[in-house]
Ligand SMILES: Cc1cc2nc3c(=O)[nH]c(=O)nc-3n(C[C@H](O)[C@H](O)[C@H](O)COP(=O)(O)OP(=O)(O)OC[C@H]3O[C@@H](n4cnc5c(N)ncnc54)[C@H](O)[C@@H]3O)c2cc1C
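First, one chain by itself in structure tokens, the form predicted on its own.
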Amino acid sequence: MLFHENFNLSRHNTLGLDIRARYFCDAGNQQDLSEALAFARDRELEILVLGGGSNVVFSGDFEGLVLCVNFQGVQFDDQKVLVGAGVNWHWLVRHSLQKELYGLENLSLIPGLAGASPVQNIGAYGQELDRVFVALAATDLHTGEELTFTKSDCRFGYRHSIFKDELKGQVAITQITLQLSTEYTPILEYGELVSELERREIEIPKAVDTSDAVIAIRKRKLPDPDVVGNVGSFYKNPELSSQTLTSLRQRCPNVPSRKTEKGLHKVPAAWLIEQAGLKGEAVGGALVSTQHALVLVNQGNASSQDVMALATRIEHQVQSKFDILLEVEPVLY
């Protein structure tokens, strides 16, 4: 195991922030992980588990050990798939399609690694991870105990899980298990996805058609983090009660919404931000993307302070105009 000191994390967070870790290591298996935990324990270091860094916003340097969990391996067991935490998520989606196993199509081109997917309960275009999730393996960062979490144990919600709440910073996810299907059932709840398929003159989409359409939409709407630093959607879409939506529509009759399975009404955060006049707003090197108002980008020289100050400005102006408090989607450190 190599432990790097005063390590630059700019290539390990997709916002591209120039952040330093006191120590950094890359764990590719359980033995590596055990060594890393011992290293941190001996020096009384706080541990931060990092995957692809595509859903993390740092507020400053980290004075502990940044642990990159890079377990590889994909094992298909009939219609189940066991995936190492370090496997690239989008590669997994496309590889499953090649295996004629379906259920991940709408989650195409989401950046990051498989191990991070349960933390966020990643979702897109009407589908969330918990629809196909079975279980995960993890290691307790304090005791080194190897643990198993079932779907119910994870307490999934909208862009939420127990790993963003009471177990934040307590475990390292090492493997996930998903239940896929040999039968493709389209999820076409979003008009934008339906329109893209119609534009391609596809009436009855195959799984790969849906995946291709999602990829095209995401490339068109969202800046590429390999080109412009960003963490994708910076805010969750607010879920409002019928009463709150009615009150909002008295002031803003044209506010868009989509009813959820729980009977709430999801309003696009991007619409709220844009209507608050914040598209293109900048603080230092941080900018509200002119391509998509839900994305904050690093123009090349943004500091963590710039990003957090811009986020604070957005939240204050949206709350002032709409009386809605936006909730940050990525994990803040």
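Residues carry their position along the shown sequence, with the first being 1. A quick note: this is a predicted structure, and the numbers were derived from the prediction, not measured.
The discussion below concerns the form predicted together with this ligand, not included here.
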Tell me whether V171, R218 and E329, taken together, all sit within 4.5 Å of this ligand in the predicted complex, counting heavy atoms only. yes
Want to guess which of 45-53, 264-272, 300-308, 282-290 is within 4.5 Å of this ligand in the predicted complex, heavy atoms only? 45-53
Residue within 4.5 Å of this ligand in the predicted complex by heavy atom, from I110, C154, A207, V93, is I110
Listed residue (V83, L104, V231, A213) with a non-hydrogen atom within 4.5 angstroms of this ligand in the predicted complex: V231
Can you check whether F7 is within 4.5 Å of this ligand in the predicted complex, heavy atom basis? no
Hey, in the predicted complex, does P225 get a heavy atom within 4.5 angstroms of this ligand? yes
Does this ligand come within 4.5 Å of any heavy atom of A36 in the predicted complex? no
4.5 angstroms heavy atom contact with this ligand in the predicted complex for L248: no
Which of the residues spanning 114-140 lie within 4.5 Å of this ligand in the predicted complex, based on heavy atoms? G115, A116, S117, V119, Q120, I122, G123, A124
